[in-house]
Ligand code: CAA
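Presented below, as structure tokens, is a lone chain in the form predicted on its own.
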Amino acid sequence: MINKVGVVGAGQMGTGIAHVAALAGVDVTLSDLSMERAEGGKSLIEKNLHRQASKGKIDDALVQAALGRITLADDLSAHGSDDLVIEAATEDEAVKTSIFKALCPVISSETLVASNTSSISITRLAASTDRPEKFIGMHFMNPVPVMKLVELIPGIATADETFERSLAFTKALKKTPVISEDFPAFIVNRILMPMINEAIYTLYEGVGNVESIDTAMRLGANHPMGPLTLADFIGLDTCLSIMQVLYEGLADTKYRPCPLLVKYVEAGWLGLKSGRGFYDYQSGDVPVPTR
């Protein structure tokens, strides 16, 4: 049983993972580089829990109970007694491996380690640790409290016991697991990101403007949101990182990131989190297309 879980990274994904774990009755240690970041993450969790309660999705009494299970930290040594530690840092392999190198010496030899990476090789990340047999990919979908899916990705060295315990934990969170082989971007992003990249090419080549492309895919393919809106929600830097992993990992030109995506990221137009991407979110209640 996994009764105590650590989450490294109090950003959008890390707070979502901590949220669902605490709600499921698991004790959570949420850490980041500073207490200020960790506290900001817990404030976001509290806000999202209250939102769920106001919509009748959870009982009001569960809000305070869940918050009471979350401990904050600004030092990785706080994860020393955790049964499982999930890394949820930015989608940058160098950042992730540096976390694992600092984490492994301060946690129990029995602790499982997982990465929430959306695209990077689990086998390669595992090899940067002292416990490749206790390492697995657990890719939660964004936003974690709403989305039901978790991709479980065993690396080449992942032990059966690690996989089985991770599978049981995923089900305990009331998530639906799917098993993916350890190939670049796994299942969801292997399919989703090239579609988003193609939508950006469609914009880049002038086939349609932002509004036309999103409307066409919402009404023509019955997607809940257009691909450019979705790209802004995910973060254009994350989209670019995943496309680069696909392009480099599979050596196929069909995965070449669109130059317009590269340009937006270089400009700092990263989508919703920066206030501007394919839409400008700073000019009022209704986002305005930037092209």
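Note that residue numbering follows the sequence shown and begins at 1. Fair warning: this is a prediction, and the values are worked out from it, not measured in the lab.
Although it is not shown, the form predicted in complex with ligand CAA is what the next lines describe.
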Quick one: does residue 57 come within 4.5 Å of ligand CAA in the predicted complex, counting heavy atoms only?
yes
So in the predicted complex, does any heavy atom of residue 230 sit within 4.5 Å of ligand CAA?
yes
4.5 angstroms heavy atom contact with ligand CAA in the predicted complex for residue 79:
no
Taking heavy atoms only, is residue 193 within 4.5 angstroms of ligand CAA in the predicted complex?
yes
Between the options 178, 146, 95, 219, which residue brings a heavy atom to within 4.5 Å of ligand CAA in the predicted complex?
146
Sole residue of 157, 173, 73, 141 within 4.5 Å of ligand CAA in the predicted complex, by heavy atom
141
With ligand CAA left out here, work out from 35-43, 62-70, 260-268, 48-56 which stretch has heavy atoms within 4.5 Å of it in the predicted complex.
48-56
Each of 118, 224 and 234 within 4.5 Å of ligand CAA in the predicted complex, by any heavy atom, yes or no?
yes
Any residue of 242-258 that, in the predicted complex, places a heavy atom within 4.5 Å of ligand CAA
242
